[in-house]
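Next up: a single chain in structure tokens, the form predicted alone.
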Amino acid sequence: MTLRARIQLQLGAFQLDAELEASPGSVLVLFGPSGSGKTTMLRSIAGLVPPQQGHVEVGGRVLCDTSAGAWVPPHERRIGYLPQEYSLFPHLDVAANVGYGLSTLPKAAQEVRVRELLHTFQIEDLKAHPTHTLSGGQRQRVALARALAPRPDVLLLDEPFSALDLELRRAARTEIRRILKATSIPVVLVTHDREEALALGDAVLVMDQGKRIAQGEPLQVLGHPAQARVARLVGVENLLRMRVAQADTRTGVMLCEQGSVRLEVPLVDARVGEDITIGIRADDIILASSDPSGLSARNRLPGKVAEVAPRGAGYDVLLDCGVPLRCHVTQRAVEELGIRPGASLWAVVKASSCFVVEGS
């Protein structure tokens, strides 16, 4: 069953005007900064925030249609909703939490369904534990099992990994992805974590200020976004304003310049002399201690290190190459290359890692 939703509402000064479609067995990621309307979109689909104007349907079943006066209350929508804080019941043990939404089933059927989910989420040994004794990862599994217990037609997940530390979050993604794909229902997942969106999403919808500003395949939208506004939202570290100096239809590349800096980038529909914005991911830049040779990479830029700052398991390096280039490297690279402020290095970038974005 396909989920289709179009929501228009105003909460104080905030306006939401967006629509989405999620297919059965797929994960649609709502991506964007805090305050962009992602959670409000989920809550409205679930029936917790009525829209001023809107339409929500699942598999042709209309849950909300303001023009026709149709409204199905939240408890009758057959929508599983997992909020950020999980909202487990502290007075119930794990098994009772998982089975909470199964009261309409015979007792024997409830027990079978709970056992099935405890096994699926590998929490059988926790069934009698009170929820306050659980770790973050265990609480997440219980909450997700509870949301899936009544076999909903749609599953809505609001930043389900936000309470987990980095290592646990990464380990949980693979497992949760497997479980979600096995449900064969539309899943809408809210996040502002790019890695999470790429790991879990079949499609991504980027939101900002209550509007949908981009949608498509995750790697394309989040990796090589076509708009400067989207590029900034998804964290493209390098956006360089350059002028097209040459365009070669035979090789499919353009030569772009800013001062003495020259870059080869994939050919797009741009005129020689036109100013364009080029995006480069920090992870796509390789640093070398000397001018490398024998490489397929077309762009090699000399520069000096302006800043070195820790980030996660590695370092963020700002290199002044005539244009500022932000790069990500490991601690081992910092040690072996002697990366420190003032050090001379070469930045190496494949032409295919450069992409043109609209706007500036």
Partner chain sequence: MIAVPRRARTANPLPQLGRIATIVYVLFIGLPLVALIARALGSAGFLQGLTSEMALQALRLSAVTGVISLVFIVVVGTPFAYQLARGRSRVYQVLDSLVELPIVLPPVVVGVALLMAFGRRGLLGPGLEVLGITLPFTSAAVVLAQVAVAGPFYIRAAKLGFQGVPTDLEDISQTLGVSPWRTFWRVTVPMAWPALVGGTALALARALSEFGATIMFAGNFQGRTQTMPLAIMSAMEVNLSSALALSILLLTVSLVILGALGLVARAQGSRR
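Model, not experiment: these values are computed from the prediction. Residue numbers count along the first chain shown, from 1.
The next section is about a form of this same protein that is not shown, the form predicted together with its partner chain.
Using a 4.5 angstroms threshold between heavy atoms, residue 88 counts as touching its partner chain in the predicted bound form. Within 4.5 Å of any heavy atom of its partner chain in the predicted bound form lies no heavy atom of residue 141. Among heavy atoms of residue 48, some come within 4.5 Å of its partner chain in the predicted bound form.
Its partner chain in the predicted bound form comes within 4.5 Å of a heavy atom belonging to residue 43. Of the residues 206, 79, 188, 242, just one reaches its partner chain in the predicted bound form with a heavy atom at 4.5 Å or closer; this is 79. Checking 290, 260, 249, 103 for any heavy atom within 4.5 Å of its partner chain in the predicted bound form turns up a single hit: 103. The partner is not drawn, yet in the predicted bound form one stretch among 268-276, 121-129, 206-214, 141-149 has residues with heavy atoms inside 4.5 Å of its partner chain: 141-149. Although its partner chain is not shown here, in the predicted bound form the stretch 57-77 places heavy atoms of 74, 75 within 4.5 Å of it, in sequence order.
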